[in-house]
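A single chain comes next, written as structure tokens; it is the form predicted alone.
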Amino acid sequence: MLMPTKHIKTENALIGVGAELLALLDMSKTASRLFHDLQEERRRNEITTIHFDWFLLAVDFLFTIGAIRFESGLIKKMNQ
């Protein structure tokens, strides 16, 4: 689930979804805005959309490794 395997594609593994989220965090966003942007980006690239619970697991993963932070209800990259 965290890493891609022969049964889980990179775009569906948490590390792949996390990478997409970091690429979309060019500015601070609410969780719902980030989820919406992710779904739009996936539709544009013809990648299957993900459920909100999988999105939250990816956000939790990024928070756990210190890649993002929550501030005033917004999700921010650590280097912003």
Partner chain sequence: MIIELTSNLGTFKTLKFKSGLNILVAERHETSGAKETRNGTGKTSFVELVHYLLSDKRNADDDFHKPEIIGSDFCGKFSDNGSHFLVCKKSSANTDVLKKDGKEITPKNLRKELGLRWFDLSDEDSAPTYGPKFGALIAYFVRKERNGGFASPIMNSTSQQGWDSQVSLSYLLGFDWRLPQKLQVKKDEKKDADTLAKMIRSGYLTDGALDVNKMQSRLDLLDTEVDAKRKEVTSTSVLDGYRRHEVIANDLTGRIRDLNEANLEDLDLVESIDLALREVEDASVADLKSMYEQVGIFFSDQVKKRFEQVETFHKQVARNREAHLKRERKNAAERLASRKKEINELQIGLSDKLALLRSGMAIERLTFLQSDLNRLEAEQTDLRQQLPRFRNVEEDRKRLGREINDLVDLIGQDVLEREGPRKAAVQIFAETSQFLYDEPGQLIVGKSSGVAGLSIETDIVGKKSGGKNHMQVFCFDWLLVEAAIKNDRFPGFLIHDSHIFDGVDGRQIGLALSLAKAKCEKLGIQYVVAMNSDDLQKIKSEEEVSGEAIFDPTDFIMETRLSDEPNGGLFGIKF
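Small disclaimer: the values here were computed from a predicted structure and weren't measured. Numbering follows the first chain given and starts at 1.
One more form of this protein exists, namely the form predicted together with the partner chain; it is left out here, but the text below deals with it.
Do residue 45 and the partner chain share at least one heavy atom pair within 4.5 Å in the predicted complex?
Residue 45 lies outside the contact set for the partner chain.
Is residue 23 close enough to touch the partner chain in the predicted complex, meaning at least one heavy atom pair within 4.5 Å?
Contact with the partner chain, no.
Decide whether residue 19 counts as a contact residue for the partner chain in the predicted complex under a heavy atom distance cut-off of 4.5 Å.
Contact check for residue 19: no, nothing within 4.5 Å of the partner chain in the predicted complex.
How about residue 27 - does it come within 4.5 Å of the partner chain in the predicted complex, if we only consider non-hydrogen atoms?
No, no contact at 4.5 Å.
Note that the partner chain is not shown here; using its position in the predicted complex, name the residues of 1-18 with a heavy atom within 4.5 Å of it, in sequence order.
The stretch touches the partner through 1, 2, 3, 14, 15.
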